[in-house]
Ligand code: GLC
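As a starting point, one isolated chain is supplied in structure tokens, in the form predicted alone.
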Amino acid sequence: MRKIYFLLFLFGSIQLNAQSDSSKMQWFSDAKLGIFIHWGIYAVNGTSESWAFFNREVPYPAYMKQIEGFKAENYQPQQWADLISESGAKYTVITAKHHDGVALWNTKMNKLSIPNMAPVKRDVLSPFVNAVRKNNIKIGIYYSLIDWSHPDYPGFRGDSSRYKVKDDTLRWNRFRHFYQGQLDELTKTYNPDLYWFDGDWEHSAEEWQSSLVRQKLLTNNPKAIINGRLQGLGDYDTPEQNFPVTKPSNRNWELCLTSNDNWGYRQSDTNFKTPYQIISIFADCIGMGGNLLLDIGPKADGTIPDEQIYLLKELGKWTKQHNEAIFGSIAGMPSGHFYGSSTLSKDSTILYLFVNNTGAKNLVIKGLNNKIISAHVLGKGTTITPNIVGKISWSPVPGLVHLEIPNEAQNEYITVIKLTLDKPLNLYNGKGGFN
């Protein structure tokens, strides 16, 4: 049996490498921006989502009692979808079920769901999916593989567990039947464009039957994308909160990031990032060929905090003005050529430079072996005249390109300079001169 599982895992890994590079990833690569939504009973009292009882910060009964306050009386899914569209995001991911086991949809696999136990008494996932698709936004479903509320799941609290898998395979098989049954429901009901798994760290690929899960999802929809949290059988990397210093190894990757300090809504968390911080992080992501999945945490009544609405609207103003430098672009120049982020058009004949708003007026590009046909500030139309310094006619070494941006042409957050090149980007990486 172990040999069979190993072969399935090996086959799955080979399949991953083949499919991750396939055309199905193109929309994800082009999308650049997604909105993450953490919404669940934890928004009622503003506790840590699931972790509050797992880490014994809150007694389990007190945590679960929050479901009685989940009324969603002001929930307007179309407004959510419209705000996501306004931000410029091309996809969204919503927590259908977190580690606490509470499902937003009307699951038939157990009784622990919002429609069955919360005052709202209805499926709150379906209307959001419908609104998102109406706005032509790709839908991603977050699903926690672990379920600390389920009696057949081994884990419960951080310092204790119900049993070990090797000691009670009957209970573990019952749980696998349960979680895979919920995935079947989500697949048949919503057919997501993207599955965003979480919690895979608690068990091995063999124990989760990760290869089988992936195979079933792709049999239903060969174009479905799976994040990198299925024990190595996902299509892209998902660094969390901390921006990677070097580009992740997978060609496709996504930084998931909170808009304040926590994922779900907390009344006490007022440490919101500024629009400049979000936009500069976003620029760094796309400059390295990645995406940003920015999180918001709606309240239990279904409204989105004003601070997060403001962030998404400001982000949307910026993305709309700089649309061509963002969506459908590819990663820009490697570090060392320009002190900032950059992207390229797909044919590499247009170079976009992202400049912060700290008053930098004189930019320098090193090693650009191209003739610049034109240079201007994107969204403003202001023309810039490049000044080439240090170029010698008989030397193959290019000079330094200096670009001066007028104060009045700078964006309040991040200014984007568009350089049209004579041919696809050609960079000089030598030591320079005679040695």
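Throughout, we count residues from 1 along the sequence that is shown. Everything quoted here is computed from the prediction, not taken from an experiment.
The same protein also exists as the form predicted together with the named molecule; that form is not shown, yet it is the one meant from here on.
Notebook entry, point to check: Want to guess which of 52 to 60, 366 to 374, 392 to 400, 36 to 44 is within 4.5 Å of the named molecule in the predicted bound form, heavy atoms only?
Noted result: Flagged stretch: 36 to 44.
Next item on the list: Look up in the predicted bound form whether H98 has a non-hydrogen atom within 4.5 angstroms of the named molecule, and give yes or no.
Entry: Flag for H98 set to yes.
Check: Given that the partner is absent here, does R229 sit within 4.5 Å of the named molecule in the predicted bound form, heavy atoms only?
Finding: Heavy-atom contact with the named molecule at 4.5 Å: present for R229.
Notebook entry, point to check: Do Y91 and the named molecule come within 4.5 Å of each other in the predicted bound form, heavy atoms counted?
Noted result: Outside the cut-off, so no.
Notebook entry, point to check: So, in the predicted bound form, is E240 in contact with the named molecule at a 4.5 angstroms heavy atom limit?
Noted result: It does: once the named molecule is placed as it appears in the predicted bound form, E240 has a heavy atom within 4.5 Å of it.
Checklist line | Among the candidates W196, F354, Y265, W80, the residue which, in the predicted bound form, approaches the named molecule to within 4.5 Å (heavy atoms) | finding: Spelling it out, the residue with a heavy atom inside the cut-off is W196.
Item checked: Residue among W318, F282, Y179, Y142 with a heavy atom within 4.5 Å of the named molecule in the predicted bound form -> Filtering the options by heavy-atom distance leaves Y142.
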